[in-house]
Ligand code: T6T
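Presented as structure tokens, the chain that follows is alone, the form predicted on its own.
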Amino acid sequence: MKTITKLLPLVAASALALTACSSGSDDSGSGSGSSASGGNQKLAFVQGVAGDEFYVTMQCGIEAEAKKVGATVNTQGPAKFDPTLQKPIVDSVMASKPDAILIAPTDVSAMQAPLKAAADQGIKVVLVDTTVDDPSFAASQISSDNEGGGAAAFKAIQDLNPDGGKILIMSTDPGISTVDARVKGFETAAAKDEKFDYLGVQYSHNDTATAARLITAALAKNPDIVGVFATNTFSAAGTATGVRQADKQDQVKVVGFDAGPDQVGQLKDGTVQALIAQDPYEIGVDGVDQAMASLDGSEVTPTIQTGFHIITKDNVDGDGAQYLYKSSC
């Protein structure tokens, strides 16, 4: 297992649009390289959400590395992080008979059978970011250290509130492997500090308006909340909006996961105090490398874990700037 843990800045943002892109523009950026020669290998990248800067940045890494090895890439994604929208895309991709699929499954259970079917047809499957209940059919899995990121989020709230207080998590839905791991990491770390009163998890269904409404209701019930961990882009955006609408910016310390433009803006204006940025570009590069290794019979690394970076107002325009997500390649 490759494990990289980096401590630096973050931002997150969101957009909802169905996209389909072909291979390789940006050939810059660092990659581990691949021993495979791409030839005419066809890769498909199925995003968790089309237009989300996290997946756009991953797409940039995938396209750059595919161009380097001579492969082509077709990218598609659902308008929402929803298996009922992602499965038809997978079915369509399978019909086009790519050599390998790189995919961020939108549900650990619902996407199990469709992806197993792809593997059974001889298509190499590489799981990027998220996973499924039984990933044994996959050539490789590449993701961030999500549990470690959750623990880091609690540490950030702890540092911002040394006297403790009431805290909660704003998440998406249960059953998504990445956010479940972030929740677990946060909860495990929080349980070790008796100064904090953990109020549990609120689920926004990956909708910013719902997250804003939920945090507004939570603050009405517990006006003395001191910290919120928002587990992804949409949760962070909605939480920040709700805190601002409640005029609680000075009291509630918000730590978000992901580093898109909206979250950076909220970090700079003081609504969000810290961001946990993943490394989606490197996830994309590693995903291509493992797909190509699987296709040409080279050694494959079954599990790769990339790092994360803590972004604050102090480093967002300095060392942290390189870890902010892209809206285009």
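Please read all numbers here as calculations on a predicted model, not as lab measurements. The numbering used is simple: start at 1 and walk along the sequence shown.
One more form of this protein exists, namely the form predicted together with ligand T6T; it is left out here, but the text below deals with it.
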Report task. Would you check, heavy atoms only and a 4.5 Å threshold, whether Tyr55 touches ligand T6T in the model of the complex? Result -> yes
Query raised in the report: Hey, in the model of the complex, does Phe186 get a heavy atom within 4.5 angstroms of ligand T6T?
Result: no
Query raised in the report: With a 4.5 Å heavy atom cut-off, would you call Gln278 a contact of ligand T6T in the model of the complex?
Result: yes
Query - 4.5 Å heavy atom contact, Ser171 to ligand T6T in the model of the complex - result: no
Query raised in the report: in the model of the complex, do Thr130, Arg182 and Phe234 all reach within 4.5 Å of ligand T6T through at least one heavy atom apiece?
Result: yes
Query raised in the report: ligand T6T isn't shown here, but in the model of the complex, which of 65-73, 264-272, 294-302, 46-54 has heavy atoms within 4.5 Å of it?
Result: 46-54
Report task. Could you list which residues of 243-263 come within 4.5 Å of ligand T6T in the model of the complex, counting heavy atoms only? Result -> Asp258
